[in-house]
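The data below hold one chain only, encoded as structure tokens and taken in the form predicted on its own.
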């Protein structure tokens, strides 16, 4: 991203100013393993990417905060002497929600000109919303000396999305955006928020993210249905052991108490969550011992569980993983995110990346009639001042 060009854009939009401009960045993320475990109190293993959201900030001496982005035409403003109001479905709600959370803590900003610019592919499910929230939170915290640590900035950004924007997301996206580190994955316990940065040595390999480009009409309703089924499983399993979440059970304990779940579908949902937690633990061990081959096998197993037990993949995601498996340089591949469309994440050897893009793209088009988009990603740092 050319920050000099962005400074020129800022001057064009807001007019020239002698006030200094500060530039911040927060990345998007991809989850490598641990899917649909977050709201079950389980483990996830995301990493921050090198693409994300840039934010240019300068104080303007007024009581107004002005918002613009290079990604959309729509601009907006808020008055710091008035209550903040949600504006329909506008992108501005994400940063305003963050300012609102600071305000609740009696942490007030000054008038500013803000220019956002994101290079996260639109609609790829790589968490542009969390990236916008985290870059805003990090910038305000830095500029005004609020003194919050990264964990609290991630929690604040999650509250902004839950309470102001009105999206009931977990903490993983904001956490990965704020606390990521170059060449590391983040192993996070979504119940306790304990975490560990695990080295991810991809010598001679790349992460390739593939967007199905399928419209995700089912995702929200099916997501709510899966959450309800998981809660039903917890209620049934409590007859065998007092638990709060499915993730409180080991795989062995689940096998011991599985007979307590009378509904076959609910049983499958629980089996996915508990086996996926186990895979996340195994994946961390594989990374620590440098066994990327083992990690890749766990990625495939994760996808098969999401397909067969959790039933959130669909023809498009399954086709991409099937085609990826035909390329000899593919180490592992799985769906990532909520499912029913969205993306896959694969680990591919450097010398196979171009073949992967060509042949997976061609095979996918034949199977689905859709054109996939491919993004070769690097693992980057979390929120930072540039």
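Everything numeric in this text was worked out from a predicted model, so none of it was measured. Here the rigid core means the biggest group of C-alpha atoms that line up within 1.5 Å when the two forms are laid on top of each other. Positions refer to the first chain, counted from 1.
If you look for the form predicted together with a small molecule, you will not find it shown, but the lines that follow are about it.
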Among 33-41, 353-361, 317-325, 54-62, the stretch whose residues bring a heavy atom within 4.5 Å of the small molecule in the predicted bound form is 33-41
Quick one: does residue 68 come within 4.5 Å of the small molecule in the predicted bound form, counting heavy atoms only? no
Applying a 4.5 Å heavy atom distance criterion, does residue 198 contact the small molecule in the predicted bound form? no
Please run the contact check for residue 290 against the small molecule in the predicted bound form: heavy atoms, 4.5 angstroms, yes or no? no
Residue 173: heavy atom within 4.5 Å of the small molecule in the predicted bound form? yes
Find the only residue in 223, 146, 72, 300 having a heavy atom within 4.5 Å of the small molecule in the predicted bound form. 223
Between 249, 237, 266, 169, only one gets a heavy atom within 4.5 angstroms of the small molecule in the predicted bound form; which residue is that? 169
Threshold 2 Å Cα movement between the shown form and the other one for residue 227, core superposed: yes
